[in-house]
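Coming up, as structure tokens: structure 1 and structure 2, two forms of one and the same protein chain.
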Structure 1
Amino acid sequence: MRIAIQKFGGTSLATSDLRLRVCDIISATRSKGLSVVVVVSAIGRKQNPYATDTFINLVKEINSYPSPREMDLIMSCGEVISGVLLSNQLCATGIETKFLTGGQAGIITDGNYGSAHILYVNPRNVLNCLENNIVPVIAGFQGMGENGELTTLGRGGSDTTASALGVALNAEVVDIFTDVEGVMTADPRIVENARLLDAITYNEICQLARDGAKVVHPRAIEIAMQGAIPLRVRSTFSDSLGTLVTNHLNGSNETVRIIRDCLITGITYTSNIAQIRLNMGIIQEQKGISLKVFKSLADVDISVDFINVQPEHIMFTVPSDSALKATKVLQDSGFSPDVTLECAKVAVVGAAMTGIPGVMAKVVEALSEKDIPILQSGDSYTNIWCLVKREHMEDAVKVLHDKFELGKKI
């Protein structure tokens, strides 16, 4: 059996006209001889009555620290609503369908509410549908712990459901349908001349996604890569083929073109970050200061990032919503932290930049031409990160995209 997994994001399902368009896409794929497994996200984004954020806010208006188990139950509602609607709409077009929750679709996870990992997939119910010519419509983003409790897979996790099913069913392709043309050299909402990448490696998209290009969830890519299942990121609103994520392309006459990592693949950003800086001037003689700082934060479950420990200071970032708590904890431990609340991390991502001189020089040149101060920087084999003030984020992304000429056709 030739199987295609087709996952539709929230904006692709937002109106009944769009859901009709989605039905057409599914029908067209079936008429090419493929059995389709549909995965859905919750309808719409923030503000939409059935979006995940709306359900979260409903509870948080009553209780700022609700139980993670109950949060997962309410967060999973959006996918149930959109799945049942789409299933009925497909049915109205004459296609036999069956809606399945994540657990019913055999997505079995660990018990980590809010960001559960898939342990295994038991595709029995899904296969049963396909064998009977029924299109299974599956709620993305949710699974079931081995104890039968409902779990969610982390924000944006419907992509992960699609990839995991793709691997379990040995699908020909996992299509991620969204509201942009595919994976681009930067978020097209910020950079007007961002270029569509028609084929990229798993490695490249993984780096982009980990650094904030939320077009596909990083876990979804890791799972597809491990199972060597091709992913295609494409638009619900156009017929273009989007971006194929794979390590090779079949050419003519049985030739196979190996896709290489680009020097610079794209520019990404993450906002909602606060920087914390502790000057060690007077206290540097004391032993174990760093340990005391990081342990006190770990004890209250605050995760730190962008860590820089030097004899003169300790710098790191925390998510904005943990900044107040982190400041209080550090003050209670006798420190006087300097906190910059509204920051963003901008990254130049390129899986082949290792050992190439001049990349950082260009980054500094671009940002200083626009008078954008770098609050902190860091790098790895595949990325250079700069922390900037939130108000400079959009300009930083644009100027770096221009400096590396990523909008030009190659």
Structure 2
Amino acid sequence: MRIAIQKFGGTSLATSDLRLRVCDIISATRSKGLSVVVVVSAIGRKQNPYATDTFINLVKEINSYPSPREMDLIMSCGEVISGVLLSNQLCATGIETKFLTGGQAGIITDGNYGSAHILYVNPRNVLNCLENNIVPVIAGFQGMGENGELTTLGRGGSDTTASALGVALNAEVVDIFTDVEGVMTADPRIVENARLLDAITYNEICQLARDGAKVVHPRAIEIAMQGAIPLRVRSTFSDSLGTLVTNHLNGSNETVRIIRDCLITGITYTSNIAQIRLNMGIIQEQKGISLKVFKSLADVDISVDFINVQPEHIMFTVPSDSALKATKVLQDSGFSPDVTLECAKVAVVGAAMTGIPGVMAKVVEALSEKDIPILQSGDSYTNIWCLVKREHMEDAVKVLHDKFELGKKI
């Protein structure tokens, strides 16, 4: 059986007309001989009546500290609503369907409310639908703990549901339908000549996602990569095939050749960051100091990033909304942190840069030409990231995109 997983985001399901467009996509895919498994997100976004944030706010208006279990129950409602609506819309067009919650679809989790991880998938009910020519419409973002309790998978969880089902069912492809054409070389709202990428590797898109590109959730990519299931990022509103994410052609050992004139795949960014610096020169007792710093922050659930530890100083970043809390914790622990607010991380991503000299030189050159100071930098084998002031972020993205000539058609 040839299977395609098709996940539709909330903006694709917001109106009856849009759901009819989704029905057309599903019908066209089935006409090509594929069995379709549909995964849905909640309808709309913040302030829409059936969006997840709307349900969260309904509860928190009554109780600022609701139980995690009950929050998962209400947060799961958005996907149930959109799934039942789409299922019935498909039925109205003559396609037999069956709606399944995450638990009914066999998504079994570790039971951690609010950010559960999938332990395994038992696709028995889904396969039973497919064998009877029924399209299963599945609520994304949710699963069930082994104790039978409903759990949610955290933000981006519907992408994760789709990838997990793709691996469990050995699907030919997982299509992530959204409101953008696919993966771009940069945010088109910032860079006018940002270009659609026809293909990208798992590692590259995962790095882009972790560095701020809001296209596909990194966990979904990692699951697809582990199962070697091709993933496509596509627009519901276009017939374009979007961006293919894979390292290998499906069903063969032939490596997909992703040929580029440039070393770099894309430029992305994350804003709302604060940099914290501790000067070791004024700290008398330095033995175990790094452990004390990071443990004090971990004890109050503050996530740190962009870490740089040297004998002279310790630098790292925290989300802007954690900066005040982090500062107080460090001061209470005997430190005098220097805090720089309103920062942003700009990242240059590309698997082809590994082992190639001169990439960092071009990054520094591009930012220097625009008089953009680098507050901190770091790298891995697929990316280089620089911390800049938030006011310089958009210019940094533009000049780096131009420096690596990413607007050129390949």
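Numbering runs along the sequence of structure 1, starting at 1. For clarity, a rigid core is taken as the largest C-alpha set superposing within 1.5 Å between two forms. Bear in mind that the values here come from a model prediction, so they are computed numbers and not experimental data.
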- request: Looking at the two shown chains, say which is the form predicted alone.
  value: 2
query: After the core is matched up, is the C-alpha of Glu391 off by 2 Å or more between structures 1 and 2?
result: yes
Core superposition between structures 1 and 2, C-alpha change of Pro49 at least 2 Å: no
task: Would you tell me if Glu61 moves between structures 1 and 2 by 2 Å or more at its C-alpha, with the rigid core held superposed?
output: no
query: What is the C-alpha shift for Val349 between structures 1 and 2, rigid core superposed, to one decimal in Å?
result: 3.0
- prompt: With both forms put on the same core, how far apart in Å are the CA positions of Val359 between structures 1 and 2?
  reply: 4.8
